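Before any questions on how it binds or moves, here is one chain, the form predicted alone, in structure tokens.
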Amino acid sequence: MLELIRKSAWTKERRFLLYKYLDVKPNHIVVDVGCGTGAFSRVIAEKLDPKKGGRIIGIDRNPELLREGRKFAEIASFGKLISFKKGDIIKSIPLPDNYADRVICQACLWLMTEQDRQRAVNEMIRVCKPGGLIGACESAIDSSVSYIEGDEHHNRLLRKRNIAMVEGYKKRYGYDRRIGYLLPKLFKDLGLERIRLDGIAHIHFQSDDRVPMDFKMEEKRDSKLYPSRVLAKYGKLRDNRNRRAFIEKMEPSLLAGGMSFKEIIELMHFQKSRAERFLKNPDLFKEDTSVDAGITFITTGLKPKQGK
């Protein structure tokens, strides 16, 4: 899932804008915090030149993800450009002060409470060079739109799910799924300068002939995987109380945000069956005019130069 989401986000056209907003230069030292399997690190690495000193260091607290990241980096021939370090960015990034030209992240800060997010950004600022750039690429769930042609019932359910995710994550964990457009204030409060907010639209149109068929099939296989697993376990439970307890464990945020058990199960059945139809008959991609759209918000700010 990490690989698919972070790779699919950056087409050639979107990468051009990403490099522009983050102002990445070939000789830059870049730190990617919360890097996961390093998909975002590899996107940034394409702009760096090891002969000019460019390199990127991925930081994550999950050693399993870091092992996968090293494998993917080698496969992509980025072994000389990308290295990885284990570290909890909320506590301490394992790098010295004033180390990097760019300290960046993608889909990382939303997984934190307000207090932890402030600690993490302070750590990003600490390891950034004076005059260097802090950049965060985050979404906002309530800016996302899903449209299934001819199916307003499930369109309403999909909209309700997005609202429930915002409300539910806040209630259950203290996370804010609207973080994409809330970061400029945090950057300002922590003393960064020249703060900017840019946005890149992500539009997934099923019939788009520019999207390779193997990617479309990969996306459908992935979208089928989670609901299939949940529904398989759910179906084995015969007691309604156990079924409710299982859904409470798997989807606590949606329930806390206002979706019912019935709506959650219905939406999973719909997502599973829809994916199966496309996987069974790829020609459906040519005719379907459904759309998924959203915005990646890119917040950037400069660390003040020393003595200023």
Ligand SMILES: C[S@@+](CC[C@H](N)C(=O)[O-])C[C@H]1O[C@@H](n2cnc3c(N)ncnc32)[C@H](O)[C@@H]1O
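Numbering starts at 1 and runs along the sequence shown. In this text the structure is predicted, and so the values were computed from the model without any measurement.
This protein has a second form, the form predicted together with the ligand, left out of what is shown; the following refers to that one.
- Of the heavy atoms in residue 253, none are within 4.5 Å of the ligand in the predicted bound form.
- Although the partner is absent here, residue 244 sits far enough away that none of its heavy atoms falls within 4.5 Å of the ligand in the predicted bound form.
- Though the partner is left out of this view, residue 62 does reach within 4.5 Å of the ligand in the predicted bound form, counting heavy atoms only.
- At the 4.5 Å threshold, heavy atoms of residue 88 reach the ligand in the predicted bound form.
- Only one of 164, 140, 108, 192 lies close to the ligand in the predicted bound form, with a heavy atom inside 4.5 Å, and it is 108.
- A heavy atom within 4.5 Å of the ligand in the predicted bound form is found for one listed residue only; from 127, 179, 73, 112, this is 112.
- Contact with the ligand, judged by heavy atoms within 4.5 Å in the predicted bound form, is confined among 266-274, 29-37, 50-58, 245-253 to 29-37.
- No residues of 113-150 lie near the ligand in the predicted bound form, the criterion being any heavy atom within 4.5 Å.
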